[in-house]
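Only one chain is included here, represented as C-alpha cells and corresponding to the form predicted on its own.
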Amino acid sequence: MTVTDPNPSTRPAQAVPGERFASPFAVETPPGAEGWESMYPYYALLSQERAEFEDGKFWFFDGMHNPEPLYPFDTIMTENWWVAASQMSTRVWPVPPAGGIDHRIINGYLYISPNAVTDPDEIARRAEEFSLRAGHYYENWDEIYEQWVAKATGCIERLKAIHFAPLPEQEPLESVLRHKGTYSTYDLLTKYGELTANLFEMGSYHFEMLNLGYGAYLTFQEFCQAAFPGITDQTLAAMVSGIDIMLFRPDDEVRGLAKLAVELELADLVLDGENPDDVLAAIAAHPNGPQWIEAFEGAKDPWFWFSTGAGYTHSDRAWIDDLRLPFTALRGYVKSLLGGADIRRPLDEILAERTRITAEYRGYLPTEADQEVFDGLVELARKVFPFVENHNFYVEHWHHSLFWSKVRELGDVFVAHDFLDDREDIFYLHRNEIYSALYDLNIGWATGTEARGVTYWRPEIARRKRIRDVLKAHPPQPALGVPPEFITEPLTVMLWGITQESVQEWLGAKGEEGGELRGVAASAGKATGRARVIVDPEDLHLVQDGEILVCRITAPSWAPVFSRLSAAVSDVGGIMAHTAIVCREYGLPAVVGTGFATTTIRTGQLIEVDGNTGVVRVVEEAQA
C-alpha cells in the first residue's frame, strides 16, 4: 500500500468486475520502488487524513498527458493545470454542473478525478453567474481571441529572452562601475523565478477560453443528441471541423519543403540520406541548396517547436530537437510528388461535406424556431473550434517545448558547478528543490566553501532514477475507486473521452480474454491490419506501411506518419482529442479512449478497427 490503511479493521477494496475499481489504497508499491513518495509534493499524495474522501472517488489515469511515471520537475505542468483548469470551472465562470479536477500521484502515475455539481439549486445559481460571465466571452469571442494571441506570443517572447549561464569566476567589472548593487547570484534566482512564473502565466492563458470552447461544443452536442436520436459523434464533429487550424501548419510546411526540393532538383539528396544532418549538409553543398536551406530555416521557428508528445513532459522532444520525424515525412512527400500524387490536404472536400451534413440535419428539424436554435449553436461551435485547437500549438508545443529547452540551460549551470553529471538530471528535482539547490549553489560561490549540493544530489538522483525505472516497469491501472454517478466536467468528456458509457465498458473489460475493446468512434471507416503498438515516440520509425497504430495517445506532430497507416487506436481521448481531429482530417478510421489497447493488443496481431461503432477486435494472433 502507498499509505497506512485508514481503517486497520478493513482491507482496501479490490476491483469487482461490473461494480467498482480497486481502491487507490489497494495499489501496492512495486518492490524496489519504496520511498517513491519523496519525489513528489505532499499535497499530491494519498493521505490517511483524507482517506475516506479519496477512497470514495473515481480516479482515472491521465495517460494522455503523462503516460510514464512523472519526473519530479515535470510535476510543474500537472500542478499548473490542477489549479488553472479547475479555477475556470469553479471560481471564474463557474460551469453550472462541473467542479474542479482533483489530482493524486500513485506509484508515480498521475490520476485525476473530476468533481460534479449535482444540487439543482446550486446548478441554477451557477448558471446565472455563468451566463453573465461566459456570455461576455461568447459575444466578443473574436476580439478576445485576438487579444489572447497577443498575450500568448508576448509570453513566449519573454520566455525566449530568459537565459541561464554559470556564475562567473569574478563578478564582471561592469557590475561595480555601474553601481548595480545586485549581482550574479541575485540574477540567477530571479531568472529562475521568471522562468517558473512564465510557465504559470502561460498555464493561465491555456484555460482562459478552453473550457468555454468545450462547453459550447457540448451544448451543441446535447441539442443534436436530443433532436436527432442516434446521431454519432463523428457526424457532430463533421459539422464543426474542416477549419484550417494551426496544428496542421507544421506538416504543411514539410509538404512545402518537399515541393521546393523537387522544384530545385534536390529530391535525390532528400531520398538518399537517412540522417537529417547528412541531408542538410548535402543540400547546402548543392548550387540550388541555399534557397532550400533558407526556406527550411524560415519554417523551423516557430513551426518545428512541435512536440512529439503532449508537451507535458520534457522527454517529449520537439521536431527542432530531433529532425528525424519531419525528415521521414519529407522523404515520403517527395516520393509521392515524384509519383505524381497531390499531397495537399483535402480541405475543400471536408468543407463541402460539412456543408452537406449540416444542411441535411437542419432539414430534419420540424420548426423554424428549432432551426434557428440549431443555426446559433453550430455557428458558436464553429467559432470556438479554432481556439480549441490553435491554443494547443501556442501552449503545449511552441511555449512548452521552448520552456523545456530553458530548463536544460539551467541544468547546464548545475553541471558547470559540479552538482550534476548531466543536464537532463535536473528533471529529477522538484521545482521547489531547484530553488533550494540554486541558493546552495550561490552560497558555495559566495563563500568559497564547497556547496552541499556537490555531494548531495548525485546519490539522491541515482536513487530516484532507480525508483522511477521500477515504477515504469509496472504500468498503472486505467481507473481506481468508485464509479461516478455523474460525469459533467467538460474537459473530462471532450478531451479524455470519459463518459458513463466508457466507465461501464472499463468496469466490464476483461483485457486479453475479451478479444474486443470498445471506445469512442472518433473517425469513420473500417480497416484491418497488423497492429504496431507504440508507447514511445522514439519508436515511430518502426511503423510500416498499412499497419494500425496502437498507442496511448498520438500527438499532432505524428501526423506525417499517418499517411502510412490504415487506422489508429488509442487508450485515451475523446471526440475532440487531437488523435480524433487529426485522424478525421486525414480520413483515417480511429477508435480512441479504449482504456486498455496498449496493454491488451500486441504488435503483429491482426486487428480490425471499426471507426463507425468504436469497436476494436483481435482477428488473428501475431505470426511467428
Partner chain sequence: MTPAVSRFVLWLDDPGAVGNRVLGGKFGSLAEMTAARFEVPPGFGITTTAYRHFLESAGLAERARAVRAEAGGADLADVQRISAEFAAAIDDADLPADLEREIRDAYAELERRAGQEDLPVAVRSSGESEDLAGASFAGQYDTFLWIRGAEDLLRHVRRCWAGMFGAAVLTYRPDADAGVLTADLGICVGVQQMVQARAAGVMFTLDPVTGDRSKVVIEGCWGLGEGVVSGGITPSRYVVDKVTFEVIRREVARQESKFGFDPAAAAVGLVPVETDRQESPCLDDDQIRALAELAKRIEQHRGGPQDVEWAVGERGDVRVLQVRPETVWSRRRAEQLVGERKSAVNHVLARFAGVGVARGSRGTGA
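Residue numbers count along the first chain shown, from 1. Whichever C-alpha set is largest while still superposing within 1.5 Å between the two forms counts as the rigid core. Predicted, not measured: the structure shown is a model, and the values here were computed from it.
Beyond the structure shown, there is the form predicted in complex with the partner chain, which is absent from this document and is the topic of what follows.
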Want to guess which of 440-448, 343-351, 323-331, 131-139 is within 4.5 Å of the partner chain in the predicted complex, heavy atoms only?
131-139
Would His541 show up as a contact with the partner chain in the predicted complex if we use heavy atoms at 4.5 Å?
no
The partner chain contact at Arg356 in the predicted complex, heavy atom, 4.5 Å
yes
Considering only heavy atoms, tell me if Glu505 and the partner chain come within 4.5 Å of each other in the predicted complex.
no
Any of the heavy atoms of Thr528 lying within 4.5 Å of the partner chain in the predicted complex?
no
Judged by heavy atoms and a 4.5 Å cut-off, are Thr219, Pro366 and Phe486 together in contact with the partner chain in the predicted complex?
yes
Would you mind picking the one in Val149, Ala165, Ala227, Ala84 that has a heavy atom within 4.5 Å of the partner chain in the predicted complex?
Ala227
Identify, from the list Asp252, Asp370, Glu79, Glu171, the residue with a heavy atom within 4.5 Å of the partner chain in the predicted complex.
Asp370
Which residues from 378-397 come close to the partner chain in the predicted complex, meaning a heavy atom within 4.5 Å?
Leu380
If we fit on the core, is the Cα of Tyr364 displaced 2 Å or more between the shown form and the other one?
yes
Taking the rigid core as the reference frame, is the Cα of Glu222 displaced by 2 Å or more between the shown form and the other one?
yes
My question is whether Ala352 is one of the residues whose C-alpha shifts by 2 Å or more between the shown form and the other one, given a fit on the rigid core.
yes
